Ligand SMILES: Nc1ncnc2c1ncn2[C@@H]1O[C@H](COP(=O)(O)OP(=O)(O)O)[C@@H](O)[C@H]1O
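Only one chain is given next, in structure tokens, and it is the form predicted alone.
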């Protein structure tokens, strides 16, 4: 079944359940909005924050929503996605995101990054924000670099705000005694969770609606199957729901049944 066949079968003008969803089209969820407002208030005070949530809870989506809500005239947001990096490599990634030349020794690189952040605030009048995604993968000694990057004028100026986004083990990492100085710089922690059963149903209907089908094609049995198999994990919901649409379209059905979700699971989660 081709994507065009699935679109035609359910009168959709674009494929739902892909990553290509604009911030303005995201489903409004109370816990998500609470987290976003808390983060915005924290950054307004030039402080740093953390986003903690299990895989598939929408951390990257929240980072996008946060960036979208920060006026470009007042904020400059830099995004880095962490892998297993050493101190110098992490700083190189930060420098690349900022457009700073990363040549020279490690101390010189740190100095250049700090100078650029400080310059942004003084000359350009914007507040620099550094978003580090997948932060649960940072090694403790590397995470300690953030204490250095946020230290300006003997730690007397609030210049750079850092937002760490990661799975729950990031919180465990920040509780280590060796990272107490870093943890103390986190003024707000936004907590995300997986979707409930009702939220899953609302999410399915919403994604179909913004794709052109105001009437959800998922019957109660398929919704229950999607929730049970995904446990509210957004990434799993998207994969299973799109696969189930394909299965229903293949058999010429206009409604997605639980059996379509089961078939999709065998195909997309095998």
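Numbering follows the first chain given and starts at 1. Computed from a prediction, not measured in an experiment: that's the story for all the values here.
The form predicted together with the ligand is left out here; the points below concern that form.
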{"property": "4.5 Å heavy atom contact with the ligand in the model of the complex for all of 11, 215 and 245", "result": "no"}
{"property": "The ligand contact at residue 235 in the model of the complex, heavy atom, 4.5 Å", "result": "yes"}
{"property": "Proximity of residue 231 to the ligand in the model of the complex, heavy atoms at 4.5 Å", "result": "no"}
{"property": "Distance check, residue 60 to the ligand in the model of the complex, heavy atom within 4.5 Å", "result": "yes"}
{"property": "4.5 Å heavy atom contact, residue 42 to the ligand in the model of the complex", "result": "no"}
{"property": "Per-stretch contact check against the ligand in the model of the complex, the hit in 66-74, 199-207, 215-223, 42-50 (non-hydrogen atom, 4.5 angstroms)", "result": "199-207"}
{"property": "In the model of the complex: members of 6-33 within 4.5 Å of the ligand, any heavy atom", "result": "18, 19, 21, 26, 27, 29, 32"}
